[in-house]
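Single chain ahead, written as structure tokens, the form predicted alone.
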């Protein structure tokens, strides 16, 4: 298996930036991008999409509750229960995966998003060195973890 290249990884940076800019009219600040470790700690709401086919692995969008609530409020959503926050973060992960397919090709198979609540949800999902993108949107920190390899 081959690792992703800079162009492949940049598409996830651009994708989360565009998603937040379009849905909230406020562009996030990308605060860092680095190779993570197994000790990676995320936030309480996590959307996870698994890839197969041309690539193997997954992408995790991890956000604190307050950030997800603000996104929903900006979308005029009034249901702010945890179940709806999980749906929202799962939808964000699904959007990033759909954008990845546009760039990585139609042979990229995408799972239905898995939504997980809990601070340590990322630890159990990632391999040794996932690519981690951290960002700040409206004073809240969030994270996108890209843990995937190219099969060919």
Partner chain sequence: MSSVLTANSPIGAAPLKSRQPGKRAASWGGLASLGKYREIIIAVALFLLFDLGVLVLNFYTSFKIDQDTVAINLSGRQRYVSQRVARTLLELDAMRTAGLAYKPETLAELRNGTKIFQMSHVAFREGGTIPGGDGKPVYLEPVVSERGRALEDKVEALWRPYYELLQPLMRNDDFAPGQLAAALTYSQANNIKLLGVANDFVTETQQIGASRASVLRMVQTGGIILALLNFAFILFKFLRRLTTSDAAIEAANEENREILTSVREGLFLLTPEHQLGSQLSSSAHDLFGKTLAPGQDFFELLSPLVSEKALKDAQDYVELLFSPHVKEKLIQGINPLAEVELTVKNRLGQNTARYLSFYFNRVQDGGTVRHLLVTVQDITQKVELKAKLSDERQRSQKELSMMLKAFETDPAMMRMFVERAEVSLLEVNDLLRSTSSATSETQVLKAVDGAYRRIHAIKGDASSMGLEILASLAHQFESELQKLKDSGAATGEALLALPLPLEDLLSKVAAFKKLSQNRSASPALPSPESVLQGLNASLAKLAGDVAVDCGKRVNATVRMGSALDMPADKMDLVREVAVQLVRNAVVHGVEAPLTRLACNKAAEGQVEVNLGRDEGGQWLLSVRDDGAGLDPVHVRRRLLELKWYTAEQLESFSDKQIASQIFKPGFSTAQAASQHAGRGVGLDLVQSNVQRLGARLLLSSNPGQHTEFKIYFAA
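Positions refer to the first chain, counted from 1. Predicted model, so just to flag it, every value in this text is computed and none were measured.
Beyond what is shown, the protein has a form predicted in complex with the partner chain; the following relates to that form.
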| property | result |
| --- | --- |
| The partner chain in the predicted bound form: contacting segment from 103-111, 26-34, 84-92, 56-64, heavy atom within 4.5 Å | 26-34 |
| Residues 69, 72 and 79 all lining the partner chain in the predicted bound form, heavy atom within 4.5 Å | no |
| Close approach of residue 133 to the partner chain in the predicted bound form, 4.5 Å, heavy atom | yes |
| The partner chain contact in the predicted bound form: residue 20, any heavy atom under 4.5 Å | no |
| Within 43-58, the residues that have a heavy atom no more than 4.5 Å from the partner chain in the predicted bound form | none |
